[in-house]
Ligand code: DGL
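A single chain, nothing else alongside it, follows as structure tokens in the form predicted alone.
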């Protein structure tokens, strides 16, 4: 049975787990919400790397995982290179902003990117943008969203404060005829309805959970995984979290376990 470790700083990585649930069978999935150290997007790269190393070691020692999903754009940028060097035999899949599908879907050529400050400043994001430079005329409107993860974690999406934050960030995109927005943090799909409401003109929102699930299935089958049977999910958190929201996102009744790393 394929054993999968998935982690993020909180609820956001569950948007990836939702996608995995639709694709992966015959596996055990262990999810860690590292809320003790959240939000990652405002920590240093060195801190995030250490969190990622500690969590990965815990997965290996406790659950003997075969595959690791870094369900966080910020942690991917800070740690995936080191993790792949340290664990070359393990399937390791990161999360990066969906610039490529956004380029293929935009009609106006104007693409918005919402992400954490650390993601936008990271080398991995800059390399991604440079790699995907294309003859098609594309203008990226990049916007760091400090504080949005915290609002989502608090369940404060439908509040005046959150809407004011998003309105300020989205106004330049609306003004410049952005028709496609990359959700460059796994938390941000949870704010999709509010973003759609504020943009008001059928903007396309891009997030990468489905692509990650298909990629894991492909790599898993190449290594001998038979995609049949049930998917068992166990949820962990390193600190306080809205456990009811965790369970409801995955339509589960299981206990959320508190762990110390």
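Nothing here was measured: the structure is a model prediction, and the numbers come from that model. Numbering follows the first chain given and starts at 1.
The discussion below concerns the form predicted in complex with the ligand, not included here.
A.B. asks: Examine residue 220 and determine whether its closest non-hydrogen atom to the ligand in the predicted complex is within 4.5 angstroms.
C.D. replies: No - in the predicted complex, heavy atoms of residue 220 and the ligand never come within 4.5 Å of each other.
A.B. asks: Are any of the heavy atoms in residue 39 no more than 4.5 Å from a heavy atom of the ligand in the predicted complex?
C.D. replies: Flag for residue 39 set to yes.
A.B. asks: Does at least one non-hydrogen atom of residue 149 fall within 4.5 angstroms of the ligand in the predicted complex?
C.D. replies: Within the cut-off, so yes.
A.B. asks: Which of 73-81, 122-130, 155-163, 170-178 has heavy atoms within 4.5 Å of the ligand in the predicted complex?
C.D. replies: Of the options given, it is 73-81.
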